[in-house]
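Quick setup: one chain, the form predicted alone, written in structure tokens, and binding and motion questions come after.
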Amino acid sequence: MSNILIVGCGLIGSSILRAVNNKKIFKNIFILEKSKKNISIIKKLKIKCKIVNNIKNISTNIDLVILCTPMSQYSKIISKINKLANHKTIVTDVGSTKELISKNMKRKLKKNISWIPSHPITGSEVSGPQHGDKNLFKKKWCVLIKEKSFNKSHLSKLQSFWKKLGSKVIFMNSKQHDIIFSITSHLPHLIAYNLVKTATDFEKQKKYNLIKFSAGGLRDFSRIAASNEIMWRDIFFNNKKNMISAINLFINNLNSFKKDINLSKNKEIINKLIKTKKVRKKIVLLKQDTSKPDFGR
């Protein structure tokens, strides 16, 4: 593959730009970006690439298109990609939900264009190209959605691309993906947003200065709740069915804790806390995090 087009150059897009440039994977890098602020930041990186604000300004064939915009913007971009891409083009994305998005993409993309969704499991609560990192994908999982109808050669090329960026690639179908990440990612973010909202509501009601004492739990949840609101709105809406199921399960468990606390059920509470502590050990064992204590920053 010789030419890559990165659509949207925020945190993830600019990290791909940095990584691709560092690894010398493509001869030509194209950036589709409309934000003047982002363009200014990208230019300061002094990376050899062509920045355009309109696909019409790209006259060459593109081998790989990566959508790095909020998912609600995909539909606006597809008609433009249809004019640019051909049967050799691979179109992928970095979005956090897949099933509904894939159905829409298959309906709107030209049939001879390969649509293979990606989900690099990385990122941060911060956004914008100034926070990009060429090592963002190193030793991180990247999920590729695999279906029988996909072009095997294109799937292999996309797998190779993410591996060159340092990712560990794993395959799933879109339904499995959305169920898993509704629990491991989407619900935790929703809880973080709700917990911070609860704290601020409580602060107003009681007129206590809670935020001043936000070390520990609230501090950590506030970091997650600082994530981009447009991106997370799109995730919640696009994975609605699984989100509702996850929320219902969470509410049931929360009510169970509430009952145990109200009735001072010592044994039940202790058993719940011991069981959930084991998950942390498993996460560390799988090298998803370090066991090094975090006493705050």
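In this text, residue numbers run from 1 along the sequence as written. Computed from a predicted model, the values in this text were never measured in an experiment.
FYI, the form predicted in complex with a further copy of the same chain isn't displayed, but the following is about it.
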{"item": "Options 158-166, 108-116, 81-89, 139-147; stretch whose heavy atom lies within 4.5 Å of a further copy of the same chain in the predicted complex", "value": "139-147"}
{"item": "Contact check for 2, 35 and 63 against a further copy of the same chain in the predicted complex, heavy atom at 4.5 Å", "value": "no"}
{"item": "Touches a further copy of the same chain in the predicted complex: residue 276 (any heavy atom, 4.5 Å)", "value": "yes"}
{"item": "Heavy atom of residue 228 within 4.5 Å of a further copy of the same chain in the predicted complex", "value": "yes"}
{"item": "4.5 angstroms heavy atom contact with a further copy of the same chain in the predicted complex for residue 280", "value": "yes"}
{"item": "Contact of residue 26 with a further copy of the same chain in the predicted complex (heavy atom, 4.5 Å)", "value": "no"}
{"item": "Contact assignment for a further copy of the same chain in the predicted complex, among 56, 258, 50, 43, heavy atom within 4.5 Å", "value": "258"}
{"item": "Contact set, 172-197 vs a further copy of the same chain in the predicted complex - heavy atom within 4.5 angstroms", "value": "172, 176, 179, 180, 181, 183, 184, 185, 187, 188, 189, 190, 191, 192, 193, 194, 195, 196, 197"}
